[in-house]
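Below, in structure tokens: the form predicted alone, a single chain.
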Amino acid sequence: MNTVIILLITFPLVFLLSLLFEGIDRKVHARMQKRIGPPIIQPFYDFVKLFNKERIIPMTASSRIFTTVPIIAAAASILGASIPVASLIAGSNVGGDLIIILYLLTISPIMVMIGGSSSGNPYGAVGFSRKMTMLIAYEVPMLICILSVSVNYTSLAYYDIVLTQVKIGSLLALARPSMAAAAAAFVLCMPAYTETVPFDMSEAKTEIVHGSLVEYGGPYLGLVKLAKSASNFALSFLAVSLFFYTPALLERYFSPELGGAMLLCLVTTLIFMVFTMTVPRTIFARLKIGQAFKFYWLVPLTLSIISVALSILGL
């Protein structure tokens, strides 16, 4: 019961943080392009605006799937983000381990793919194909990275791994060569997961008119965008707390009881999101799907395999 209550309390916090971080991302992106950009709270305006629009379902769509998928995607993303946040707030494992978190965060893009293909629009089908290809490309290295962490520390419990960094007084990415390789592979997978340029092939507006989202509008589009914002926040927060938990270096000054650790972790997450999502989509051009797949199975996959090999050797 306590777990349910903590998660329910965390849901609105994740909702606010996800949209706030998206607003900051859009503002920084605009400034890097020498534009004024929208206000930081623009994502909140957009969310409310979309929910006030008419619900339109294409005649060619499978209506039940088309309308249900955005709800599942948003719920899975918010829950996936709430588990690590709630665990740090509670000071214990809340809701599940790393496998459950990654499972929930994977449900969201899968649901969007299904929703897009159920619309009956050919662009949605192309978006489904591209999204599935990228899912295979980045999901395998990410799972191997988590396997490497579990081999090193014999646990998949999220908070136990965070606590390990506090006990050793070091970031996990700097603790061992195997963890450095795992952290590098995980970070490289993040732009593809969040569909940030140059890995936004499945939503390429100039090529396939937003892909799986081509027929979505109104509240359904609002939920899909919320799911993406929550997933982006969750993945950045997860990467920071797993591999770069900065409060571990300053435990004396940022104790969890005072809330300082959470605040520092959120600030680090925001900085991390800017460098892994905002900067790449500002300075890079879109890759072809074949180029992206080749990159992920050459670089991040190789790094993740090296990480597991080093972990087995105890390095």
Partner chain sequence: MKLGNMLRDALRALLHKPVTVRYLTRAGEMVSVPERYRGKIVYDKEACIGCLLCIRTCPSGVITTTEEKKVSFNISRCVFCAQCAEICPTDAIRLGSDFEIVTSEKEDLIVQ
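Please read all numbers here as calculations on a predicted model, not as lab measurements. Residue numbers count along the first chain shown, from 1.
A second form of this protein, the form predicted in complex with its partner chain, is not displayed here; the remarks below concern that form.
Peer 1: What is the one choice in 271, 32, 65, 262 with a heavy atom within 4.5 Å of its partner chain in the predicted complex?
Peer 2: Partner contact (heavy atom, 4.5 Å) among the options: 32.
Peer 1: Spell out, yes or no, whether the shortest heavy atom distance between residue 266 and its partner chain in the predicted complex is within 4.5 Å.
Peer 2: It does not: once its partner chain is placed as it appears in the predicted complex, residue 266 has no heavy atom within 4.5 Å of it.
Peer 1: Quick one: which residues from 7-30 get a non-hydrogen atom within 4.5 Å of its partner chain in the predicted complex?
Peer 2: Counting only heavy atoms within 4.5 Å of its partner chain in the predicted complex, the single contacting residue of 7-30 is 28.
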